[in-house]
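What follows is a single chain, given as structure tokens, in the form predicted on its own.
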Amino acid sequence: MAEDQDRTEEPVNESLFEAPPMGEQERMVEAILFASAEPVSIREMAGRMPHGSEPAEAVANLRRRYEGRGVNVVRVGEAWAIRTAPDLGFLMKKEVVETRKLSRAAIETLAIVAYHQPVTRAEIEEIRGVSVSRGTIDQLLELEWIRLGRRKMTPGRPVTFIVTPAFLDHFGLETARDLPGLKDLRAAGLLDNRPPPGEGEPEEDDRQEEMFGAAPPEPDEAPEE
């Protein structure tokens, strides 16, 4: 009986493993981000790292260490990635033959989704003033630049469209709120500087302001089953 009592009074080790030092955790995060072709979320990092690790703190420390370097740790939506410093992007460019170009309808549709998300197909058509073909939506879905959002609580419960982390990553944005303004879009060649034939400049400006003038809201997270 005394021996049993002695055994129960022995201290119990709460954990068989200790989290590695923060410096080692930073190295782990660095390795994960460097090897991944896609941005990695904090949850995904935690699933790969030893029990008790603090990937969020490690990312914050690593981000500070990479400030001013040739590559930076950047946030892409709700995930993180290692990307070339913006001022050195010209070093990565080279002339290539463009094999696929978005149609004007696809560019306008993509812009409307980005600036008005979550937005339904009917709302896209109302803003553009013309119907949206199934092929235009399918092309943007195939590029993984837009995806389905939550259904709207309106008659028929239509699905909505929102931009994806791949869209944000492609254009170097952290969130949809970082989207450029109308002048920036024109300078980047994403908007025509001239109005379509038969239309005056003021009318074209009004149409573009309607599509791009509003500040984009935060998107819904996932489609409702």
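Each residue number is its position in the shown sequence, starting from 1. Model, not experiment: these values are computed from the prediction.
Separately, the form predicted together with a further copy of the same chain exists; it is not shown, and the next lines address it.
In the predicted bound form, a further copy of the same chain lies within 4.5 Å of some heavy atom of G70. In the predicted bound form, a further copy of the same chain lies farther than 4.5 Å from every heavy atom of E54. With a 4.5 Å cutoff on heavy atoms, A31 counts as touching a further copy of the same chain in the predicted bound form. a further copy of the same chain in the predicted bound form comes within 4.5 Å of a heavy atom belonging to H170. If you take 75-89 and check each residue for a heavy atom within 4.5 Å of a further copy of the same chain in the predicted bound form, you get I82, T84, A85, D87, L88, in sequence order.
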